[in-house]
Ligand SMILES: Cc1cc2nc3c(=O)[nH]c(=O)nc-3n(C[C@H](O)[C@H](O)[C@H](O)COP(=O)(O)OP(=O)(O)OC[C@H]3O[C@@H](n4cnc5c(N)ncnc54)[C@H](O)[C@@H]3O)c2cc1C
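Only one chain is given next, in structure tokens, and it is the form predicted alone.
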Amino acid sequence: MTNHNFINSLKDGRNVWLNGKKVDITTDENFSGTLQTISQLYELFEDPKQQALVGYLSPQTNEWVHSAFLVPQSYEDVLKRRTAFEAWSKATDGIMSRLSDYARSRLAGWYANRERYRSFDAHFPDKISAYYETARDEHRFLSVVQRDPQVNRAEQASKDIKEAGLLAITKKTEDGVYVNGAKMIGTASPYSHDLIVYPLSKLEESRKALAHMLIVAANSPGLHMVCRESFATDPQNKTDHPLSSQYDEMDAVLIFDNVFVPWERVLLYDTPEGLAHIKADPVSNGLAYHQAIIRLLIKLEFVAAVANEIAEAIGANTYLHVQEKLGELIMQTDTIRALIIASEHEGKLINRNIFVPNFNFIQTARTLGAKYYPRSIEILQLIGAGGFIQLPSSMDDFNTPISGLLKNYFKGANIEAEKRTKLFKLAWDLIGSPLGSRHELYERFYAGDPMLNTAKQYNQYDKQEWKNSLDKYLKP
């Protein structure tokens, strides 16, 4: 799928709602910057110098496809996947978290481990194999959507499926199923081709109508994507809004109004136990979250780079307390990088032929990320301080009759006024813009409740070696 074909492929009648209107995302300016960014990433597969960096040759078509689809059989394969993730993340400085390489990695994991689910549905291996090959060779952009809408989070309210807005199979036919309800948060859904939908919460047998795993086409009749406010307020203005104009992924609530899903796209249904295994799948989790922490590293490195540049621009890098804060950012990135390397080096074979990174190190990085990113943003705020407010409204102000005055009073310690202003506007997009606020919230909670995740690591950790080390002191 070429750059041009990707955008055209989204002209498929999908129901995307923004500002009270149904919009064509291929022409609406609120999506233009993001679509251009994705298109540039697709172009890498046509560049002979970049193809091997981001992809591998499909065994069916012998065409370049994204390495997120590569099922690793060795340590070297895992490193190849990392190289592709780094390339896409660096192209967007880690700001875009759902560039499909996460969802593709999840799919690759379920495909690799497909025989595990034959007991829940005898057709699962064949269904997911067929879709995996289609998605891989057609460069299909995928999103994973799991969470239930926040209609009423009281425990007793969730007992009423319809009242709580939970997505359920409401009708079965010879050709497929009909589903009704809603899901959130559909990050990147408006420009995805397909949505992989399944519940995140644990389900009892009495609620098996909710226990489904579906692949839903984004242009399915009755599927409505209700978008939040766009943060790409001025997509053509990359100078004043360098991040917002290009990297607003868009989030949406997905409303399913009697949406039909054919049986070949119904991977599992009426099986709470099967869904529990899907969510805990060691291959899918290992491959997908490996991508997630690589993106986290690139993002933390980007914040550290901006903070360092600002400290130098205003001459604050000579202060001990600023050096200490910059040192903290370096420790953040070194810690996550070390955990990535450890996860890869300590990986192991599953089912004798699937090499998966060590999940303990991955989960530690994810849990730390929920704390590291907000702290990195706080450090950036503390270093730049009031300088973030001392900004002209636009770079166009430097082309006015008072430009000479601006160049004098907006300059830095060793940097001219225009460049300093661009730097601070870049930082403001991280810490003060709607996009920046969204990202702080996202990094805090995308992996789930940070407290529960930390407690889970304790509860699941094998503590026997600790106990053994104390035996010599505690034996009678």
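Since the model is a prediction, treat every value here as computed from it, not as a measurement. Note that residue numbering begins at 1 and tracks the sequence as displayed.
The discussion below concerns the form predicted together with the named molecule, not included here.
- Non-hydrogen atom contact Lys238 with the named molecule in the model of the complex at 4.5 angstroms: Answer no; every heavy atom of Lys238 is more than 4.5 Å from the named molecule in the model of the complex.
- Message: Within 4.5 Å, heavy atoms only: does Gln246 come near the named molecule in the model of the complex?
- Response: No.
- Could you confirm whether Asn180 comes within 4.5 Å of the named molecule in the model of the complex, counting heavy atoms only? So Asn180 does not count as contacting the named molecule.
- Query: Would Glu63 count as touching the named molecule in the model of the complex under a 4.5 Å heavy atom rule?
  - Reply: Taking the distances in the model of the complex, the answer for Glu63 is no, it never comes within 4.5 Å of the named molecule.
- Selected contact from Met184, Ala84, Leu368, Ile128, since only one has a non-hydrogen atom within 4.5 angstroms of the named molecule in the model of the complex: Here the answer is residue option Met184.
- Task: Could you spot which one of Glu344, Asp251, Asp121, Asp281 gets a heavy atom to within 4.5 Å of the named molecule in the model of the complex?
- Result: By the 4.5 Å criterion, the partner-contacting residue is Asp251.
- Query: Using a 4.5 Å heavy atom cut-off, which stretch among 326 to 334, 85 to 93, 138 to 146, 293 to 301 contacts the named molecule in the model of the complex?
  - Reply: That would be 138 to 146.
- Stretch 435 to 457: residues contacting the named molecule in the model of the complex, 4.5 Å heavy atom cut-off: Those in contact are Arg438, Leu441, Tyr442, Phe445, Tyr446, Gly448, Asp449, Met451, Leu452.
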